[in-house]
Each structure stands twice: as structure tokens, then as C-alpha cells.
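Below you'll find only one chain, the form predicted on its own, shown as C-alpha cells.
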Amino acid sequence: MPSLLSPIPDARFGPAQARHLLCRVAFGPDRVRAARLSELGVHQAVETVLAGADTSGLPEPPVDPDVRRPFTREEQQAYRQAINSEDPELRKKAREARQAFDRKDRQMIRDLQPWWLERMMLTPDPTQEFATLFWHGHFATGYQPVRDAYLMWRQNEALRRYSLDSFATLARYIVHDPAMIKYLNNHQNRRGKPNENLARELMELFTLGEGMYRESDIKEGARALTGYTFSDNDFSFNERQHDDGSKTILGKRGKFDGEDFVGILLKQRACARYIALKLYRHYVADVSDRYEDLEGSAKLVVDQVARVLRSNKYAIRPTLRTLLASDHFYSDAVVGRKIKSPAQLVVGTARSMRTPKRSMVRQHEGMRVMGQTLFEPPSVAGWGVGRSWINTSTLYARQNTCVYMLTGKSPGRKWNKKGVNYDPMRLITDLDKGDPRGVANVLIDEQLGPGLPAERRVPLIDFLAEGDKAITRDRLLGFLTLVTAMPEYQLC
């Protein structure tokens, strides 16, 4: 039987397939870039989107490493004296001083959320940000339990740095990551008093999947991770708290530490299969997160991707190179059938429609209402996919956010036409403005996909071509607003 990962022939790789590639790895379509990519053939096109770009010109993150710095001995002593004082005013001032650090840290995470959203919109390397978002959901770590914005940013930077590198590198990194250690309480994991949280999630959610280990493996894995803690903003190994006795993990016996534990997990066939499934869910299709639930071609492709991962020692880039060039990736069962996450919807709208710079805070708030808050996954299991993004409330939020991005108008807020501050005519500088029906079809192909049936196009084309007059800015803006209201706009 031929591999489902066999590459699509170049003869079948045209602008529509290049558009699909951009939708799945770079947040959204871009017909000019798609046209250029289609001329390269599938292998070179995939190589191009995975190649990376210089991102040094992007806005710097709003971080301060010292907001949560450890207090000095003198500061601790002064605080204790104030708190134990009989002077209520002194006690109040001491508490307020500590609360000021908390407020500053909360403000830092509130600044980081729109910073990352803007970075996704502006970056010349959207493939990297899309991969970073994937790993943020995989190694899910939330600010509320961590309560240290700088550590959250440090983790974000590491996920970005290794995003297309190697899963083995990421897995080894994550047991040394201070934010993850704090999130899963591994700083409380000590010899004789093991805390199993990190060991359990490392096996169940990060590497193997449910049912691929026993409770005894978790307990022994936790012993291997004893002493893995942090000091200020950095990882720290507390040798005195590390259990250096012999352990048995998944049939292997030895005086294992955290590195050994991760190495044992990476050698399991279930690990490559589990990561292959996660990659498939992010880049290809909205399927179950349980391998046992997969059927047909999805199951076969996940198996084949797992083999590619193993043969490349968990390197992500060559694995994606194979998957994104595959015939399966461009099949009718895949194209246009994945529901956009809130980040894909918002960032994709900004990038593909070149919307003006508006409040990142408000756009991120729209994402929150849709169910996706950056630096705050709902649990250690991360976000879901597919229909979990869609309900009657989130559909309103999706449309309202797109309207805000296009027009500046928010529900319940005063607005006038000057607030639009957006010229959509620059989207059609390469098209014949005297041919509104032709322009409408080109934009529909770009934004909704070339597979949209003729009867679904008619209302949009009639709107833009009303009176068959030349296209105006207002009419084009109305057209784009209608496009974002189409059910097909929720798909990629």
C-alpha cells in the first residue's frame, strides 16, 4: 500500500494548495505569497515556509526580571518586624508594599498577552509563532498558579526557540523550566516526600498519553525528579533533596534522575505516536486526542508520522516537511475542514486583510471570550480543537471581534465613521476595480477558499457588484465584513 505521506505531485500543487499550506502553518491566506509559493513546487514551498526569517525588528517584550525577585534577608526581617508590630499603620504599609509587587506582576502578564498577540500579527516568521502556540497548548502552563509573569515569558521564549527544533529537546527542557516546575509543584518534590504532579503529566499529557504507564512508573518517575526546583528565575538542582536510590521506570532499572527519566520516555514507541497525533491535530485535522478513537486514513497517517519522528530522532522540521508536502495534507478530507482557533481567527484576519493597528488589549479580550487566553490555558491539558471553539456565545464574539478589527466598532461603544481608519482598497491594487464581480471572486477564493460553491458566492458577489459600478472603499469594507460573517470563514 502506498504511503499516505507520499508527496503531492508538483502538477497538482497550485495557488489553492499553497493557500491551504499558509492557512495551516502561518495563521491565514495571502494570495500574493500563495502565488509565489505555487511556482516553487511543493517541496520548495514547504521548505520556504519552514525556513524562518529575521525577527529581530519585532517589539521587545514588556518584562522585568526583578518583580518577583527573592527578598533579601534584611527585607524579610524588616517585613516580619512590621507584620508583628503592634502599630496597625506599620502593618498596613508592610502588606501594601507586598501587594504592590503582586499588582506589578499581574500588570506584566496583562502587558505580555497583547504583546504576544501583536507579535503573531507582525512577525515575518508566522510559522514559528504558530508552532510556539502549539507547544504552549501542549506544555500548558497557566499564569494564575505560577503567579510570575517573567517565568511565563521565559518559558514562552524557550518554546519559540525550540518550536521547530526537536521534541526531545523540548521534553528535556520542560523538566528544567521554572514556570512548569512551579505550576506542577515540583519544587515541593523532595526525597522521602515525592510530589507526583510533574511526573504524572510528563507521562500522561506531554509524552506517552493515557494508559501507557502504570501508577508505579509515576511514583518512580517522581523520585527521579526530586530536587528539580528553581531559584529566583533559574532552574536549580537541590542535590540534598534528590533521591539517588535505584528506581524502576517502564521496565528499566537504575539510579535515574530527571534526564534519565525523560530519556526513557523518549524511547517508548507510544511517545512518537502520541506526539505525531498532537501534531496531526494542530496542523491537519480536528480528530480525537485518543489514538484508540482514530479511524481510517487519520490513523494510518499518524502511524506514518510517528515513524518519521522516530527516524529523525524527534526532529520537528523534517517531520513537518514530510507531513506538509504529503498528498493526504492536500486531500478533500482535510482542506477547509478545520475550525480556526481564536488565535488563528484573529491573527489570520489581521494578516490577510491587513487590518489597521487597533487595541491589542481589546482584540485579546475578544479571544478570551472565544475561549483562548494567552498564557492562561484552561488546564494542564491545554486547549481543545474543533467544535470545542464554537457555541452560540463564541460565534457572536468571533463576528464582533472581526467587525472591530475591520471598522473599529465594538458592541455597546460609541462609534463614528472616522473610527474606521482602514483602507481595504490596498487589498485589490493588483486587481481591476472596474470589474467588481471578478474582484469578488478573487477575494472569495482567498478568504473562503476556491472550493466555495457558486450558490454561496452569489450574495457576496451581488453585494460588491451592486449597480456594476466601480468598487468604493465603503462597499469593499462592507463586503469584507460579510465575508467574515460567513460560516466558511470559521474554517481553514
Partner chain sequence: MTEKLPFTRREFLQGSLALMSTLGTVPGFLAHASAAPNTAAARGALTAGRTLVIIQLSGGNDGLNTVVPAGMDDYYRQRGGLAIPAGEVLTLDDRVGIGLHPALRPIQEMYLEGQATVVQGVGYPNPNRSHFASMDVWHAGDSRAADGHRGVGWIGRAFDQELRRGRSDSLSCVTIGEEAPMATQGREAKPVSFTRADLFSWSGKDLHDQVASAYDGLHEGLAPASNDDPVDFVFRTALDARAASTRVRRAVARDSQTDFPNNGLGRQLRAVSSMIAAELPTRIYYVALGGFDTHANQAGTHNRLLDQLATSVRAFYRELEAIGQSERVVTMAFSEFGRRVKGNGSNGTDHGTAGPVLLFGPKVRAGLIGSHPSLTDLDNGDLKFRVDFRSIYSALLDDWLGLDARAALGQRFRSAPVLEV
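Note that this is a predicted model, so its numbers are computed, not measured. Positions refer to the first chain, counted from 1.
What comes next is about the form predicted in complex with its partner chain, which does not appear here.
- Although the partner is absent from this view, residue 154 stays clear of its partner chain in the predicted complex, with no non-hydrogen atom inside 4.5 angstroms.
- Proximity of residue 459 to its partner chain in the predicted complex falls within the 4.5 Å heavy atom cutoff.
- Though the partner is left out of this view, residue 470 does not reach within 4.5 Å of its partner chain in the predicted complex, counting heavy atoms only.
- The shortest heavy atom separation between residue 66 and its partner chain in the predicted complex exceeds 4.5 Å.
- The single contact residue among 191, 172, 95, 313, judged by any heavy atom lying within 4.5 Å of its partner chain in the predicted complex, is 95.
- A single residue from the set 236, 388, 359, 233 has any heavy atom within 4.5 angstroms of its partner chain in the predicted complex; that residue is 388.
- Not one of 50, 53 and 128 places a heavy atom within 4.5 Å of its partner chain in the predicted complex.
- For its partner chain in the predicted complex, the listed stretch (104-112, 238-246, 393-401, 319-327) containing residues with heavy atoms inside 4.5 Å is 393-401.
- In the predicted complex, the residues of 308-339 lying within 4.5 Å of its partner chain by at least one heavy atom are, in order, 336, 337, 339.
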